[in-house]
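Encoded as structure tokens, the following chain is the form predicted alone, with no partner shown.
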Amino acid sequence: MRIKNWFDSGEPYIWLNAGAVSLSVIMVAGLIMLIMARGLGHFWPADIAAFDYTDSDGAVISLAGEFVDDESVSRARLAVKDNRIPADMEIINRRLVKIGNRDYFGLDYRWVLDVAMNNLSYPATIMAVERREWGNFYGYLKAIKENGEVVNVAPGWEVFQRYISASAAISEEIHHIEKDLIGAVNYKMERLRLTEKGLALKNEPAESPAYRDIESQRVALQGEYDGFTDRLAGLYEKLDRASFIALLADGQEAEIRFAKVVRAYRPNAMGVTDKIIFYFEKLWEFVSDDPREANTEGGIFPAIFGTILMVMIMAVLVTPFGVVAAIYLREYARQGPLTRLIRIAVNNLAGVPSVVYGVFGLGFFVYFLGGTIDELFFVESLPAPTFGTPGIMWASLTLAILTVPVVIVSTEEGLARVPRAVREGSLALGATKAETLWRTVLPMTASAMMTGLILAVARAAGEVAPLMLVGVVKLAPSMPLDGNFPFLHLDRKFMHLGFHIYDVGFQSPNVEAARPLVYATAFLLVLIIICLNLTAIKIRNTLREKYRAAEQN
């Protein structure tokens, strides 16, 4: 009887609900912690091991690299007869070693058996060299060359680092000239070409002042371009002078140009403080630099920027449309079968697969609307499309349509919670219906609007399928925001963290190198969504407190 009364009181269901919520929170927190550990641990400078390894054919080779993973496997799983494994050993431990030097070995990861390893050591002088291509190099520094001649045999580590710093400064200047200065000149030259083509389409006389002005600007820009290319030639010549010779673990010599080096370090000789400093330097590079090596090295700043910019544009677009639709359905539309049918359709839209929205965005926004805009306003650019091609504006609009049902439903629920007496009191004091709505009802509904926006942002930031059709790319040559007028280029393609995770995880030619970056990028995407949501929640709570008294009255 007591148990029956206990169940009738509803208390077991309260505990069951609390337990389910707690379990969900623990699972989500555990997943985030797993992603964080797998991703952020990648940037810690692991020690480099050197050892002799007996290959399957009996040959002994010298290898060096970082131990990345290990596992125990059964003899049956190896499925080969291996004389290196003792006859009584059924469980064999093997390790995944990042041996680097892909341009010499053909691959930079290799599984090795513990029983075939000998003379394991961690030399203090072995170094890891991060390169702009071909991945990491592991070896020993032997000499430095300039203009093809050896100038320093067995150089000190400080001297070696000075060469790397000098080369990095030259490379940075080259990048600035090529991307910023020459990029700006090329952009202006292209604008002049389009302006000239526009004049030709208007049958402007060739001797008109407009043509002469274009020609004078072109001559000036060409002069700037020639000056930049002369500077580049000198910098490239200076950059190509220096290289260094290093020894691989097996004694082979390798000559590497300093121009190809990002950084070099000796993790076995680094203390804890040095490793912590190095870790945060790598972490900052990850969030602030451009990607390289098929997106498996470098940073992901363009993807971060593209994700945040797309979400912000989407939020600006979806909020007014969703709020206006909700106001019409709740405040102005006649409540009848047609209105109920519209509400059902809105609710059903939330369940449509996202890729369907992508197909709609490609067909309507890109081909129809974008093509029409090109024919009306960018005829001088045709046949090359301006807005008739996937870009960040069409991606933002597509996601706005995808998330607008959430905003409509949340805003309608907020409007329904406003007491009828509030409306009647405002009207009784002489306010019009529009004034009542704008000055009284909508402010009290602001928290519900923000709730809808929070849900919309959370969904839009993680969508990938529709973006693959309407604007996202593996690597964007230029970001949608730069220093060239009109500064915000809504027609450009962009990078996105969600697509970056898909590309690195499933399209990368180097799976082992890509795996930790998938975890790190996923954690960063979750962190960005949390930050965006916390900002919106803070605004919502502020508005809720501001109008709490009005809601109670």
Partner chain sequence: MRYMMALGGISVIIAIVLIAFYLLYVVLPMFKPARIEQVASYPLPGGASTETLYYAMEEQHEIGLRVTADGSVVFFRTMDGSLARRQFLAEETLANFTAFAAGDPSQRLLAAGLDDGTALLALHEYHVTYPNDVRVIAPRIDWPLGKIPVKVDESGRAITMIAAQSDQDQTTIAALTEDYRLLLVNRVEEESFLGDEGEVKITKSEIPVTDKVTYLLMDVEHRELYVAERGGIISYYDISDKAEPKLTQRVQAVTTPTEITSLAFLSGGISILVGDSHGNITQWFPVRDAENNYTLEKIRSFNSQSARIVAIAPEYFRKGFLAVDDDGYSGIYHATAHRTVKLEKLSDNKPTRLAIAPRANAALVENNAGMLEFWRIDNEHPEISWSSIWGKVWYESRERPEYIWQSSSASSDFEPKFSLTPLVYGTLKAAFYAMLFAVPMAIMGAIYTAYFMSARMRGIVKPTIEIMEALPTVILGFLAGLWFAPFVEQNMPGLFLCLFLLPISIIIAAYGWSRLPDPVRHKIPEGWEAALLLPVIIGAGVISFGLGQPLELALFAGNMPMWLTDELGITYDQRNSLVVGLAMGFAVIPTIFSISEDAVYGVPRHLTTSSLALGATPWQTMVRVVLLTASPGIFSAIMIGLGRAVGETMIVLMATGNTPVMDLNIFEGFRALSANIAVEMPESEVGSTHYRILFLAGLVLFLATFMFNTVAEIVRQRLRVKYSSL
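Predicted, not measured: the structure shown is a model, and the values here were computed from it. Residue numbers count along the first chain shown, from 1. Superpose the two forms; the largest set of C-alphas matching within 1.5 Å is the rigid core.
Form predicted in complex with the partner chain: not shown, discussed below.
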*Is the partner chain close enough to Val60, Leu96 and Tyr140 in the predicted bound form that each of the three has a heavy atom within 4.5 Å of it?*
no
*With the cut-off set at 4.5 Å between non-hydrogen atoms, does Gly505 touch the partner chain in the predicted bound form?*
yes
*Exercise: Gly351 in contact with the partner chain in the predicted bound form, heavy atom 4.5 Å*: yes
*Taking heavy atoms and a 4.5 Å cut-off, does Asn347 contact the partner chain in the predicted bound form?*
yes
*asked:* Just checking whether Tyr519 would be counted as a contact of the partner chain in the predicted bound form - the rule being heavy atoms within 4.5 angstroms.
replied: yes
*Tell me which of 416-424, 200-208, 285-293, 465-473 has residues with heavy atoms within 4.5 angstroms of the partner chain in the predicted bound form?*
465-473
*Which residue among Arg162, Arg191, His175, Arg77 has a heavy atom within 4.5 angstroms of the partner chain in the predicted bound form?*
Arg77
*Between the options Leu107, Ala384, Ile277, Val324, which residue brings a heavy atom to within 4.5 Å of the partner chain in the predicted bound form?*
Val324
*Is any part of 500-534 within 4.5 angstroms of the partner chain in the predicted bound form by a non-hydrogen atom, and which residues would that be?*
Ile501, Tyr502, Gly505, Phe506, Val511, Arg515, Val518, Tyr519, Ala522, Leu525, Val526, Ile529, Ile530, Asn533, Leu534
*For Asp482, is the C-alpha shift between the shown form and the other one 2 Å or more after core superposition?*
no
*If you line up the core, does Val153 shift 2 angstroms or more at its C-alpha between the shown form and the other one?*
no
*Using the core for the fit, does the CA position of Trp111 change by 2 Å or more between the shown form and the other one?*
no
